[in-house]
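Before any questions on how it binds or moves, here is one chain, the form predicted on its own, in structure tokens.
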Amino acid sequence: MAEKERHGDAAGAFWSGAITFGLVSIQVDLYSAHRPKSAALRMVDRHGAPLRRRYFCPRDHKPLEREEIVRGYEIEEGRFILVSDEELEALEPKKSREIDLRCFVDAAELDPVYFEHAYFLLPAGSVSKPYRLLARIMENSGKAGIATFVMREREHLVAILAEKGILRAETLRFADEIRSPEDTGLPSPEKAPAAKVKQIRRAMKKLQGREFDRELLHDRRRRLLLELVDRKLKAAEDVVEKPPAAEAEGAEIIDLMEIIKKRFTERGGAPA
């Protein structure tokens, strides 16, 4: 799979490729399932000019230009092995447009602690029947696909899941990235007093059967920050404008649900 430019009705998709296994090949576009928060704070000076970061050399007491910076692997404190861009490029996997599906497993076997980043896989091209069929079979059987693909010069391991007729890919962390319970340093569990066990069970029973409060999924700090910004804007308090010389930055906002609806409507109805 390779990175791609935006195209037509697939605006916002940053990959185009195919899920492949056996003789099956299903064209898909990849979308991030997460969106950046719109309440991010930027570092500016008191006059509103956006600031930029620079590397500073504490030995020579001067900022460094890009061409003066190289990368190194620290083998012990203060000792590094320098690695060139050419050497790193030689380690990169071969570019591919395929999501190589290796096997199917029970979705219940996947531990969410391995999930790293979620993506939506939507049908590409003019045919979506194979996509729908795969999604339906995986969802009905409770199966997940384990696959590999190349993204940004790195090979990733992913779990492909199906839900409500849509395929989702979860990039997986590798085993050496996961901490074990023993790594936390907790002592071995001791036998709890019977009275304490009863007390905890009574407290849990009082909370059983309650519906999940969807309001907990909303970011309270973000809401309070936006309310603060709104109050200060209305009062014309602490409002500064970026100087004309500063470069403007921005990003197109993509409505993923609209893209999903459009894809399935154009190709014969909504997903099952």
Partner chain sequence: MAARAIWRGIILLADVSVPVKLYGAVEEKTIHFRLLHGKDQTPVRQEMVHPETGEVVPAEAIHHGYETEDGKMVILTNEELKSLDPESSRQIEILRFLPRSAIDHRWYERPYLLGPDGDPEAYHALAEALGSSDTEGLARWIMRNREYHGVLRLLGHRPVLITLRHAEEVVSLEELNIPAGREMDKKELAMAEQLVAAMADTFDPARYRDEYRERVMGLITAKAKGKIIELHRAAPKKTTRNLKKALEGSLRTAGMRKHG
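All figures in this text were calculated on a predicted structure; none of them were measured in a lab. Residue numbers count along the first chain shown, from 1. Throughout, rigid core stands for the largest set of C-alpha atoms superposing within 1.5 Å between the two forms.
Another form, the form predicted together with its partner chain, is not on view; read the next lines as being about it.
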(request) May I ask you to check whether Pro130 falls inside a 4.5 Å heavy atom distance of its partner chain in the predicted bound form? (result) yes
(message) Check Phe21 for me: does it contact its partner chain in the predicted bound form (non-hydrogen atoms, 4.5 angstroms)?
(response) yes
(message) Against its partner chain in the predicted bound form, would Gly125 count as a contact residue? Criterion: heavy atoms within 4.5 Å.
(response) no
(request) Find out whether any non-hydrogen atom of Met151 is located within 4.5 angstroms of its partner chain in the predicted bound form, and reply yes or no. (result) no
(message) Need the contact residues for 157 to 183: heavy atom within 4.5 Å of its partner chain in the predicted bound form, sequence order, or none if there are none.
(response) Leu157, Leu161, Glu163, Lys164, Gly165, Ile166, Arg168, Glu170, Leu172, Arg173, Phe174, Ala175, Asp176, Glu177, Ile178, Arg179, Ser180, Pro181, Glu182, Asp183
(request) Using a rigid core alignment, state whether the CA of Ala195 is displaced by 2 Å or more between the shown form and the other one. (result) yes
